[in-house]
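Okay, here we've got a single chain as structure tokens, the form predicted on its own, with questions on binding and movement later.
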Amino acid sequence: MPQLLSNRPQVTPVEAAVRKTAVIPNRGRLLQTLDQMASIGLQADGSVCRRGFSETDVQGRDQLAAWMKESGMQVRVDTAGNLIGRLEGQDPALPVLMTGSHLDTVPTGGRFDGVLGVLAGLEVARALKDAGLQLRHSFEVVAFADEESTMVGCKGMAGTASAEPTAYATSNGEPIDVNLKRIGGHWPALASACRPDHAVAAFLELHVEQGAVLEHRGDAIGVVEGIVGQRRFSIQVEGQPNHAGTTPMTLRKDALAAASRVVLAVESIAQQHPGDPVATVGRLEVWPNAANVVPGSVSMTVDIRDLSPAVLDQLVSSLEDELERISTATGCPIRLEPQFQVEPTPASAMVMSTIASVATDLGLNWSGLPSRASHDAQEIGRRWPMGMIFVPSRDGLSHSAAEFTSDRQCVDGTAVLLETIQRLDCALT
């Protein structure tokens, strides 16, 4: 079995800075819980498999619930399957301060994706209890259900979940009502998981970046500016299949040659646009896909992402113009069909400012960046003030055994989360 524990120094500079305050995270305890959770679903190659609603997912949730109860938290599961631990605040009338993420993984997941955010939230609760400190607001730590597939947990809480069971493509192929029952949720009452508008003061999610931007910049903390929106399309290019030897180049309608122009146009549209949007042709299928036949048709997908709805609209408009130009030049009809659309979720300016000031006070280099992956915060942030804290991912790798964030980076992120929660508790009503 892969070795989980590492040689760990006792005190980092950030911990020394944090110790000047009344409440500090317990480094050893945090790292131990990360190790213990990683052992649930651990694979021979070092990856972790806790697919949503699986036996290992249930085991992980049970372990978290036990830790929450040991920490003095009230524990419950809402109808959307979210596992919630709560510390009561001084004023029960105030909306809750909430943090969390997810415990479920992809089939060959890493140790940190989602899990760090949940267990850092648990460490915040433990540290507050250790210090005998009760926040003004009640404090909740949430392990959202099935983030990697249906996102039924965060969508249920935000009130954006579909009421149609067939809308949920679960990783195990079983109906969503059966899966929710397995983890303590209740499909018939899914709508009751939706919180009222006044219920949440702010939501924070600590997460590994799953990219290489922070590492490239040399920054310890990322202050997430928001979660990008997505526009995804299928493109169909129609040519004329014909003999590859007897058809002169001037008489061809080569669907693959036209599609190649589309791929380069997608890349160019993103590269030349001001700002930092991304656009990807991720799948391409050629028919008849034979060595001696001029390609007759190509189907492909295009994924476009940015934090600005206006930029997304501009990119799509540019793509439509390029497709028309390429179709005219090649004689190949090109059809663009929408697959799905997800609107961006901006982070709260006040929450971002608080995270940044905390990082500065703790002596941590930080910079702003968007999240180009979906997170539970994307849905929660549609309803309530949201902020995300990123810590670096080595080589930008995630969703694999190679996913790695150092002990120090995990502790640094938790320290920022803990202090940010305390400052928001003082600032928010």
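From 1 onward, residues are counted along the sequence shown. Note that the structure is predicted; figures quoted are calculated from it, not measured. Only the largest set of C-alpha atoms that superpose within 1.5 Å between the two forms is called the rigid core.
Omitted from view is the form predicted together with a further copy of the same chain, to which the following refers.
- Highlighted residues Arg29, Lys69 and Lys155: none comes within 4.5 Å of a further copy of the same chain in the predicted bound form, counting any heavy atom.
- Only one of Ser353, Thr166, Gln271, Gln341 comes within 4.5 Å of a further copy of the same chain in the predicted bound form through a heavy atom, and that residue is Gln271.
- Scanning Arg195, Arg182, Arg86, Arg252 against a further copy of the same chain in the predicted bound form with a 4.5 Å heavy atom cut-off leaves one residue, Arg252.
- Taking non-hydrogen atoms only, Thr280 approaches a further copy of the same chain to within 4.5 angstroms in the predicted bound form.
- Taking the partner from the other structure, a further copy of the same chain in the predicted bound form has a heavy atom within 4.5 Å of a heavy atom of Gly211.
- Residue contact with a further copy of the same chain in the predicted bound form: Leu42 places no heavy atom within 4.5 Å of it.
- Contact annotation for Thr247: at least one heavy atom lies within 4.5 Å of a further copy of the same chain in the predicted bound form.
- Proximity to a further copy of the same chain in the predicted bound form, taken as heavy atoms within 4.5 Å, picks out 237-245 from the listed stretches 71-79, 91-99, 199-207, 237-245.
- Scanning 253-279 for heavy atoms within 4.5 Å of a further copy of the same chain in the predicted bound form gives Leu256, Ala257, Ser260, Arg261, Val263, Leu264, Glu267, Ala270, Gln271, Pro277, Val278, Ala279 in sequence order.
- Relative to the superposed core, Gln90 shifts its CA atom by less than 2 Å between the shown form and the other one.
- With the core superposed, Ala356 shows a C-alpha displacement below 2 Å between the shown form and the other one.
- If you fit the rigid core between the shown form and the other one, you'll see the Cα of Arg76 move by less than 2 angstroms.
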